[in-house]
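Just the one chain here, the form predicted alone, laid out as structure tokens.
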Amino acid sequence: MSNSRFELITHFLCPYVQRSVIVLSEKEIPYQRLDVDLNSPPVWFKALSPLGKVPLLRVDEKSVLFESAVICEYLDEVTPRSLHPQDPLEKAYHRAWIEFGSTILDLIGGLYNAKDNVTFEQKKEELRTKFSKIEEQLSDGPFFAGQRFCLIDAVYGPVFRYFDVIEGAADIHLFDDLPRIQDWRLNLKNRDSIRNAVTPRYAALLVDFFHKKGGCLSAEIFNVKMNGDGKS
């Protein structure tokens, strides 16, 4: 086990932060967490973060790592029980689908930023296509590659968490014809490291974030809420 001291600099909604938190939890690595307001970041944060993004991992108060993929790989390498497969080809395969997960996060950003219905529906269809491709890659579970939780599972847990919130607030369902995705998603949701990677107020804070975007997703959530309130 590494004897280094770790401080993770975060934002409470960031899915890339969640990846790092999940890995820290799975590897049982002690760390301190510090949240920053990205709308008004402190001067010290701007000096530390070359990209102006989170997460950052400060190691022994001297070295700073940025980019979640780099942070997760480093944490995995300096502690026992790797979360990657041992076989080099299988490891590369996992890394490729981890990158695929990042493209899904980009599409989710496009979904909640969409200001017109054409773009909104296009993003939903692109997401369905992406998830259909993953469905073809999944094992019989409970995780991506079978019985063992891997780093790739830490990546997709935050992806599915978005849809836990979206489906709870809007009439959007992308996984109805994807049974393996549904099973994998549920198994990840029930994993302690994934469930505890966010605050109890995460769902409410995320819905508020969507509303502030003022796009089609915000309108969809509002319409569902008004219809539901009208029926009660």
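Please read these numbers as outputs of a predicted model, since none were measured by experiment. In case it trips you up, residue 1 is the first one in the sequence shown, and so on.
If you look for the form predicted in complex with a small molecule, you will not find it shown, but the lines that follow are about it.
- Taking the partner from the other structure, the small molecule in the predicted bound form has no heavy atom within 4.5 Å of any heavy atom of L34.
- Residue contact with the small molecule in the predicted bound form: A204 places no heavy atom within 4.5 Å of it.
- With a 4.5 Å cutoff on heavy atoms, V54 counts as touching the small molecule in the predicted bound form.
- Interface residue remark: P15 is counted as part of the site for the small molecule in the predicted bound form, having a heavy atom within 4.5 Å.
- Scanning D177, D183, E67, D171 against the small molecule in the predicted bound form with a 4.5 Å heavy atom cut-off leaves one residue, E67.
- For the small molecule in the predicted bound form, the listed stretch (67-75, 86-94, 145-153, 129-137) containing residues with heavy atoms inside 4.5 Å is 67-75.
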